[in-house]
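Have a look below at one chain only, the form predicted alone, in structure tokens format.
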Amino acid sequence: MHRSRLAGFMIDCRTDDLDTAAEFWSRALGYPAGEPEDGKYIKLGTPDGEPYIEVQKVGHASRIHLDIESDDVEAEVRRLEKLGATRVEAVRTWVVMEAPDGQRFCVTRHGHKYFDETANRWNEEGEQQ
């Protein structure tokens, strides 16, 4: 058995000015922008218990994608593959996937402090428990 849940949203920005992009999204959504991490990410200060929102500098077209967090990334990837998603690439500790209709998303290691209370539980056959 493994667990997973919606972790958050990544706002992918094809830009050379991540600070300006983060400032736009901070003001648009009403969440304060944090400090840049690795020159590639800026977290917005979402309320405790809500999904995270990060502004991310990317080299591909701008878009918004979601992250699913899991206590077993590989088991979650296999479950999603059974549903028709495809594995695009493994990056550090997460896997980029594509839904049957083409939307990209990531499966990441869990880290949300409410993960234990809010995660879905899946058996070996991928059925919700």
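In this text the structure is predicted, and so the values were computed from the model without any measurement. Quick note: we count residues from 1 along the sequence shown, nothing fancier.
Keep in mind that the form predicted together with a further copy of the same chain is not shown, yet the notes after this line are about it.
- Query: Is Gly34 close enough to touch a further copy of the same chain in the model of the complex, meaning at least one heavy atom pair within 4.5 Å?
  - Reply: Although a further copy of the same chain is absent here, Gly34 would stay clear of it in the model of the complex, with no heavy atoms inside 4.5 Å.
- Contact flag, Gly45 vs a further copy of the same chain in the model of the complex, heavy atom cut 4.5 Å: Heavy-atom contact with a further copy of the same chain at 4.5 Å: absent for Gly45.
- Would you check, heavy atoms only and a 4.5 Å threshold, whether Ala28 touches a further copy of the same chain in the model of the complex? Looking in the model of the complex, residue contacts with a further copy of the same chain include Ala28, since a heavy atom lies within 4.5 Å.
- Query: Wondering, does Gly49 line up within 4.5 Å of a further copy of the same chain in the model of the complex on heavy atoms?
  - Reply: Within the cut-off, so yes.
- Message: Please determine whether each residue of Leu6, Phe24 and Asp101 possesses a non-hydrogen atom within 4.5 angstroms of a further copy of the same chain in the model of the complex.
- Response: Verified in the model of the complex; spot residues all in contact, yes.
- Using a 4.5 Å cut-off on heavy atoms, what residues in 34 to 72 are near a further copy of the same chain in the model of the complex? The stretch touches the partner through Gly49, Glu50, Pro51, Ile53, Ser62, Arg63, Ile64, His65, Leu66, Ile68.
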